[in-house]
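Only one chain comes next, encoded as structure tokens, the form predicted on its own.
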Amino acid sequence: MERYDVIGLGYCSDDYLGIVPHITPFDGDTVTMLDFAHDGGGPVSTALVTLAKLGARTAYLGALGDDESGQFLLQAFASAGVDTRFIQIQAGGRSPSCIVLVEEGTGRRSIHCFRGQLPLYSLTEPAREALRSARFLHLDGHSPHAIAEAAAIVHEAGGQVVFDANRPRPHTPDVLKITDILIAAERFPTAFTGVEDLLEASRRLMDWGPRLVVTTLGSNGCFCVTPTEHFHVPGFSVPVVDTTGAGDAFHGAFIFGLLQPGWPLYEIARFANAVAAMNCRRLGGRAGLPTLAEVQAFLRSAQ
């Protein structure tokens, strides 16, 4: 069995994206899109593509339909170098798809998702064996029925669990209890804890289980909290086309940094900020993902 740096268990979607000057109301005049793109999406899946492009060994655990969207997503994984052997293709299944309207000039998005019509993903013995070889398991809260078992396998083998938390869900407390590293969207710490102060909210999140809490702050970078330190890492200014996938790219890049021997936490966060910023320069959640050499060149130019 091949050994993996990161295995992801989570959501994958077929994204159609368009840049618009404004959102039209129902029955309003037709709005002309300034650009249009077709790309893969989803938190864990885009993080895995980010990792693969940077040079990590990755695999995706999830279900796709045998429809046109599923075929597109499967090929996108394969082209990026993400191992697809554990994906369960459902005959007659409809894969998740999203319509993403991107505001001209700001990159802000209005996202409308069809969640798909697929049976729940179930861990198979080959998938369990792969999890035993993984250094990290990356979760986004989807497939909650399989999360506990997958995390237990990874932990037993000495690996770590990273959780991408964008908003509280009923099963979120259970996921936090098995999480080593929490990387949260800006609104999550307060939404989950009810505490406005980010440092205090992060500390309360650590009481649930994580030993490291990182909050992404969009163009303002990120905020990191450990049991012994906390600090803000500034973001990077780039010409923004589309912010779709920026957080997902940050997650992948942050895990990539954790994989590197001796990288200080601050430099890992700075590296992840750079990858997220670079991804905002193109339309699509994965279109702007850089290679490792491109990130290194970007960071040198930013010094």
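Don't overthink the numbering: it's just position in the shown sequence, from 1. Predicted model, so just to flag it, every value in this text is computed and none were measured.
Just so you know, the form predicted together with another copy of the chain exists too; it's not on screen, but the next bit is about it.
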Exactly one residue in 219, 133, 193, 97 has a non-hydrogen atom within 4.5 Å of another copy of the chain in the predicted bound form; which is it? 97
To verify the annotation, which of these, 171, 155, 109, 211, has a non-hydrogen atom within 4.5 Å of another copy of the chain in the predicted bound form? 109
Based on heavy atom distances of at most 4.5 Å to another copy of the chain in the predicted bound form, which listed stretch, 99-107, 133-141, 195-203, 157-165, is the contact stretch? 99-107
So, residue 18 and another copy of the chain: in the predicted bound form, are they within 4.5 Å at any heavy atom pair? yes
Would residue 72 count as touching another copy of the chain in the predicted bound form under a 4.5 Å heavy atom rule? yes
Does any part of residue 23 reach within 4.5 Å of another copy of the chain in the predicted bound form? Heavy atoms only, please. yes
So, in the predicted bound form, is residue 115 in contact with another copy of the chain at a 4.5 angstroms heavy atom limit? yes
Check each residue of 23-56 against another copy of the chain in the predicted bound form and list those with a heavy atom within 4.5 Å, in sequence order. 23, 24, 25, 26, 27, 28, 29, 30, 31, 32, 33, 34, 35, 36, 38
